[in-house]
Every structure is written in structure tokens, then in C-alpha cells.
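The chain below stands alone and is given as C-alpha cells, in the form predicted alone.
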């Protein structure tokens, strides 16, 4: 793909953002005062887009714009600008289903590829808070509700076949963003590729071992096939702890530019993977003065709560709103048939858990050996401590991909994580 932009498109910068906002009367009123009164702060710490926070006398806004390339890499990796439109659509759709769990859209500029959103304050990125060992007591409950509602209400369990197909078509051309995931999650970590990186030389042998592991590559390829072919629901597409903003009382999901109709398990698995990465990373941040073992327990308890609440909420939604063309209620009218449908729903959720754990495995591996890594691990300065944490991640990830029959419940996964954590040598600084 060549680096081209449509006529009239101009990338924003800190100096030009005030004039842009002043041209939109509703945004000018939200900020209060005039351009000279506004303070612009660039916070582009994501991998793809540029983001500015603008603070005025009356309020604040968040300005997000697509660049014609991947921000993390630069102009050597061109990327379509249209991703901001898919993010806009996903925010509106998910906002309808999970009210209050995504930021409010204030303005969408189709020509300049800009979204202006409510400024989430005093929220911080969940990954930063968890790396610092901060607990969020409402996170599991609120994320379970977000996942259950967005996945259920965009699926064939709730929609007619005609409506579902229209919605699938609306997101079917978000191909450039999907291609990033197809390559960076399912393919590149298992081959020699110039974008890959890892803690070297500590993990050189392990990286080579992963590249030579035929069963592992087959497992990743099976999951890639699911990602390519399943249009189960409108998924976030990159649901990690860097795409969630939190306070102790509130949880919001951001950065929906990867959204498309795909496998539900991809979203669930991505979130579980990042919680597991954070669990293992805590050993790299623990000190004699501030041990992290109690926080590790909280992380695993949060995972268990997240799944149990998600499962209960999803089943309740299915029971109350299951009027889609899948599993038509007209087929299940007797008490015995309704009982059979209830059992089928339980099996359905069990399948979803198994697939989510497999997707968690590939998501963990890409964060160790691919291009985009996690702050949880990368902020561990001692490479030997960091590599020890990463080895534990890799061991569990491989089990999730290759030993699927071992994990029947989420507590089986947390028990395996605890066992790996207990085997790791304790180092204090």
C-alpha cells in the first residue's frame, strides 16, 4: 500500500487542534472560552492513531485522528485512513448495547478522519494502573456486562438473519485493520520476521523453539481460520488492558478501530490474555518493601469473577432477549424442550470458554515475540527478571493452545497460573 491521502486531508498537530475545534460551534461551547484559553496535550501512546486532549474553562474533549500510516512504525508502514469510520460505527453500536461503557461521540469528521469524544477524566489506562498494582473493584462486573451485552446483541441470538447480514456488510471492508491482526497475532510470531522482537539474548532459544513447534503453528493456524471465517458478533477486535480506561468506580472501553464481525472468543480471550500477562509481570515489579503476591491473587480472582459474571449475564440476556434467528424459540415449547435448550446454552458457553482460552494463548505469545509488547512486561528494567516473567507467560500460553482438554473452567487456568508463579524464583530488589 502506498502512502496516499485524499485531497483536503491534513494531519492535525498541537498548534492546529484549537483552530479545528473552534470551527465546530458545539465543541467550542463545550470547551468554553476561545482558542487562547484552551490547553492541548498530545497523548498518542497507542500504536496506530494520534490523540490529543484539549482542556478549556468549561470542559474537555478528546480528539483522535487517523494517520495514513501506523504511528508506532511510521511512514514505512502505510495504513488506510478509513479505520476511524469503523471506530465511529462501533462506538455507536456498542454504546447502544452497553450504555455508559464507551466514551460518548461528540463529532465525526469524515473528510479529516477525526473523532471527537468525551474526555474521560479522572480515568487512566487500565494497564498503567495494574502495572502499578492498583485495584479496581468494579472492573470485573462492568467489563462482564460490556462483553455480554455487546456480543449478545450483535449476534444471531438476538438479530434476524437479514439485520445481522446488513451489519456484517457494514464492517466487512475494515480489511486493513483485520490484516494487521491476521499477520501479527497468528503468523509473524511463528516465523522469522523483521517486525518481531523479544528480550534478547535471554529468550533467543525460546523464540526459535516457538518458530519450530509444528503443533503450535497448527493450533495458531486453526484459530486464524476462525478469525477469518466466523462472523458471530461485532467484536472490539483489540480488547486488551491498554484499550480500557478506569477509575475505581467506572470502566470505559476505547480504541475500537479494529472492530468487525468476528468470533466472540477473540474479544474474551484477548482480555483474559492481558490479565494473565499482568499476573506474571508482577514478579518483575515486586520488592521487599512492596511485595506483589497479594495483588497477583487479586488479578486471578478478578479473572474468575469476570468470566462467572459474563457467563451469568450472557445466559440471562439469551433467556430474556433470545429472539434472533439462531435457536428459534418456536422450536422449544414443551418443558422438556425448554430444559434441553437451557442445557444447550450451557454447552454453548462452555465452547466459548474453550475457544477464548485458545485465543488467549496466541494473544500472549504475540505480546512476547511479536512487534507490539505490553507495558506490564516492558517496564521491567532488569532483562533477566523480565525474561523470567515472559517464560512463564509462554509456558501457560502453549498449554492453552496445545493441552486444551486440561482446562474445563476458568479456575483451572488460574490454578495453572498460580502453580507456574510458585515455581518461579522469587527475586527482590
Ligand code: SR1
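Numbering follows the first chain given and starts at 1. Since the model is a prediction, treat every value here as computed from it, not as a measurement.
What follows is about the form predicted in complex with the ligand, which we do not show.
Residue 77 is the only one of 298, 77, 332, 348 with a heavy atom lying within 4.5 Å of the ligand in the predicted complex. For the options 219, 353, 181, 264, the one in contact with the ligand in the predicted complex, meaning a heavy atom within 4.5 Å, is 181. Against the ligand in the predicted complex, the set 139, 149 and 309 makes no contact: no member has a heavy atom within 4.5 Å. Contact check for residue 367: a non-hydrogen atom falls within 4.5 Å of the ligand in the predicted complex.
A residue is said to contact a partner when one of its heavy atoms sits within 4.5 Å of a partner heavy atom; residue 70 meets this definition for the ligand in the predicted complex. The shortest heavy atom separation between residue 240 and the ligand in the predicted complex is within 4.5 Å.
Shown alone here, residue 227 lies farther than 4.5 Å from the ligand in the predicted complex, counting heavy atoms only. Contact with the ligand in the predicted complex, judged as any non-hydrogen atom within 4.5 angstroms, is confined among 367-375, 28-36, 53-61, 383-391 to 367-375.
Of all the residues from 244-272, the single one having a non-hydrogen atom no more than 4.5 Å from the ligand in the predicted complex is 258.
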